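As structure tokens, one chain now follows by itself in the form predicted alone.
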């Protein structure tokens, strides 16, 4: 693997797996929003790679927005969510799809949903590449999930370890 750190890993989802699943998600989302417009809100930085592929698989008119949050230090959640970048568009009366790389406890998503709901969107749904249902303590549901995984820490395809390994074209489990 490339990056500043050495890493023991086990591949979970290769490039072909990801491409196929993202295409399926794009079709499902397009079917859901047929005849409507959509604002896709990528959660920075982890969702960028997934979002870039996903929006190309969605066939309804859409706009792209980003929101930046920080809630991790290394491989551990801090339990505190910090907004680092806010939306630039008004979402009032719009269909909004939050795009996440991974849902671990879901606390970050609960925070984002509460933050965005007060802005008056027409609808607010969540799409995540990966979800760890055994770790969820969130109050909200994820509407579209690429893959469910257990509690392992993963990198690649936008997911990082202290900023490294996002560029990998696959998702890999970090081995202790």
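Positions refer to the first chain, counted from 1. The model shown is predicted, which means the values in this text are computed figures rather than measured ones.
This protein has a second form, the form predicted in complex with ligand IMP, left out of what is shown; the following refers to that one.
Contact annotation for residue 127: none of its heavy atoms lies within 4.5 Å of ligand IMP in the model of the complex. A residue is said to contact a partner when one of its heavy atoms sits within 4.5 Å of a partner heavy atom; residue 108 meets this definition for ligand IMP in the model of the complex. At least one heavy atom of residue 102 is located within 4.5 Å of ligand IMP in the model of the complex. When contacts are judged by a 4.5 Å heavy atom cut-off, residue 160 counts as touching ligand IMP in the model of the complex.
Checking 146-154, 34-42, 119-127, 59-67 against ligand IMP in the model of the complex, the stretch whose residues place heavy atoms within 4.5 Å of it is 146-154.
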